[in-house]
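Shown here is one chain on its own, the form predicted on its own, set out as structure tokens.
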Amino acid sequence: MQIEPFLTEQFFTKYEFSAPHLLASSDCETISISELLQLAGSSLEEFGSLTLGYTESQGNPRLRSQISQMYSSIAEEEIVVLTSPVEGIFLAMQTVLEPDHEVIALRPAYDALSNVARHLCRQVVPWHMIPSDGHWALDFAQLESLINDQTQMIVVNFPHNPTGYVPSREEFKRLIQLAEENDIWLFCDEIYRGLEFEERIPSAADLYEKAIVLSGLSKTHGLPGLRAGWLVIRDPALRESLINWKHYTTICPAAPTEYLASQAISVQEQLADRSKQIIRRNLTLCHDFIESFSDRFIWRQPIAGSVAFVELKLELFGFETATDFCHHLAREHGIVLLPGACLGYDDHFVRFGLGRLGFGDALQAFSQVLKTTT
């Protein structure tokens, strides 16, 4: 049985490693292994002494203990260490969903958050973010209307990729309450948590026993090549079933990844602060860029995370869809923007990535293209 094309990854496969100007990357600027170990007070010699045997399927107890301390009320045994963050999406949905179930998934969003569920169950119903004047919003009346007796799971990600939206504490409590009242699993992708510009919202894992939380070190901490991630699962029976599925996929995490993840978590605040400094600088550059071409873009300011979702006035670009424009921009000018259609949304939007040091140069290249085209 075939699964839908993974449009985001297919798009990046075409251009990410050949185009000189990346404007759509969702991760933050990375560092070398040597830099990470030095920051954490470790060494390449210590790393080199690591043996490459099997590891524990649920994850190294010391690492799980470190991860549990990132939450208010989560114990070490409630953590499942992954071989890759995206593995957590597959494992959680494979464990929970049956063919007669329905899932409500926030849109736009990373493809896997909808496509894996759609592969497994009867229907995935989109809960659409609302583009308002200058900002994004959640429509809770819409969400309530979508819940029915077959709804097994609500899928969200906060801080939100790609809009940079974060719900208020009141909104987040309302979401938890709706899930609890209807006895629905809440899958919350929190991989951008820690990149809030203002107050950090609580983790869903600390608020709701039927929350399944995904997180990792790829975005906030700028370590996507490490492939370090984890799930927080408070329900013991679900956790046991999920680990059984893990035995059929990756069996156990990679020992080098676990070691480096442990070092990274020991300096997580320094890594997150570095990322936020880069994002703030790039956000200013992006805002000024949009202002200088205000006739071509509609800007809704992100309030967290490393991405922004920008609407194009396509009639001024000479293209019918953002997808066509993005392919043209990458092929002809070496500039990569991600079309919103890859994220399950209107094909008038593109995603900007704000976490890389090269953002300013890439934005300048984009500016030159716009100045020389009608």
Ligand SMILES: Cc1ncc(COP(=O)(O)O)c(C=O)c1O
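Keep in mind that this is a model prediction, so the values were computed, not measured. The first residue of the sequence shown is number 1, and the count goes up from there.
Beyond the structure shown, there is the form predicted together with the ligand, which is absent from this document and is the topic of what follows.
I need the one stretch from 254-262, 205-213, 290-298, 83-91 whose residues put non-hydrogen atoms within 4.5 angstroms of the ligand in the predicted complex.
Correct option: 83-91.
Should residue 154 be classed as touching the ligand in the predicted complex when contacts are defined as heavy atoms within 4.5 Å?
No, residue 154 stays farther than 4.5 Å from the ligand in the predicted complex.
Answer yes if any heavy atom of residue 192 is within 4.5 Å of a heavy atom of the ligand in the predicted complex; otherwise answer no.
Output for residue 192 is yes: heavy atoms within 4.5 Å of the ligand.
Residue-level contact is defined here as any heavy atom of the residue lying within 4.5 Å of the ligand in the predicted complex; does residue 239 satisfy this criterion?
No.
Contact between residue 221 and the ligand in the predicted complex at 4.5 Å, heavy atoms?
It does not: once the ligand is placed as it appears in the predicted complex, residue 221 has no heavy atom within 4.5 Å of it.
Counting non-hydrogen atoms within 4.5 angstroms of the ligand in the predicted complex, say which of 114, 282, 161, 275 makes the cut.
If I apply the 4.5 Å criterion carefully, the residue I get is 161.
Only one of 119, 227, 234, 174 gets a heavy atom within 4.5 Å of the ligand in the predicted complex. Which one?
Result of the distance check: 227.
Any residue of 15-31 with a heavy atom within 4.5 Å of the ligand in the predicted complex counts; write them all down in order.
Stretch hits: a single one, 26.
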